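Only one chain is included here, represented as structure tokens and corresponding to the form predicted alone.
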Amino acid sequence: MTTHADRAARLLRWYPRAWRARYGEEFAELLAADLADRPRSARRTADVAASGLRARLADAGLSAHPLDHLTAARAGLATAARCGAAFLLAGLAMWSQVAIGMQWARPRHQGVTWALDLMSVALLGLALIALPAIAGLAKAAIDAIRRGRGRELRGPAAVVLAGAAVLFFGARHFQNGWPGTGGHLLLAQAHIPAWLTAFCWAATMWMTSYLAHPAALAAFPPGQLAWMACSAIASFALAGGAGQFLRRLDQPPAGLRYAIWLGRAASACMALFITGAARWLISPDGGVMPAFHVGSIDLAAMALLVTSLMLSGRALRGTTRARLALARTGAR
């Protein structure tokens, strides 16, 4: 028989774990008492659900009223990192598609060429930003280990390393099947090495329109299907592990300020990439030339790019507010 306490516990699942750990016991008692007085109340359920969703947004650094400013700063950086990972995966899939088309056909309009140039510059910028970001995180992690707080970083770090290793070695193996092999027109884009395009294609092979066509997908070799599943899992593990790592990493105010600056620079590169991607989507070649055909998967990827940029920007603004609040608190 379901008790009022059981029903209250189920309602509490609307709230994030951190909130439940701090306020869950007291709130569960209030809910159980209210359930005893009013066994059925749609308004109560709706209020709890809405409040829980707001708490989850705050826990992700996407709204105000966090548990505390330090948690909000960490949550904002974690959400920005996850959004950046999602953007990078969708962006690499879109970029490699245009590059493959460029390998086999010369566009009749300059729009596709300009699009590939803009997307390439944006990806290069993101790669250059990633280097100091990783170095800064490594330094903060080393400092945390020296202070005896490295144990809680082991799990997320292991997930990140495992995901990165699977993606790297798997993509290196499957890039030999790149559909651009044998083409030649990519030579006109001298700044794009063919091996890099093949690697990006292999790493994002699971992001394909074939997922909507199971019969065609079933014709793929078993090894390729297995890699598509493994690469998807590794991608999610890499993004999720990075987010958890940032949520647990204790950074000084200077480190937060540096991370915010890098995040804003990355947002500028993301906006530049979206500009290039939009230029391809609206190009006449995208509708008539098979090599540059724009499909539903590309429109979905574009939606993901825009959503990731918007959420990342919101998370960074939340991190900035939390950092300033921490600075004021420290000043006092």
Partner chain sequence: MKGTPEPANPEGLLGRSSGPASLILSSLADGAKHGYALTKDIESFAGVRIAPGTLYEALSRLEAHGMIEALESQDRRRPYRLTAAGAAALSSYLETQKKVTEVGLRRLASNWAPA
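Residue numbers count along the first chain shown, from 1. Remember, predicted model here, so these are calculated numbers, not experimental data.
The form predicted in complex with the partner chain is left out here; the points below concern that form.
The closest heavy atom approach of A303 to the partner chain in the predicted complex falls outside 4.5 Å. The shortest heavy atom separation between L57 and the partner chain in the predicted complex exceeds 4.5 Å. Taking the partner from the other structure, the partner chain in the predicted complex has a heavy atom within 4.5 Å of a heavy atom of A33.
In the predicted complex, the partner chain lies farther than 4.5 Å from every heavy atom of C269. If you take 22 to 38 and check each residue for a heavy atom within 4.5 Å of the partner chain in the predicted complex, you get R22, Y23, E25, E26, F27, A28, E29, L30, L31, A33, D34, D37, R38, in sequence order.
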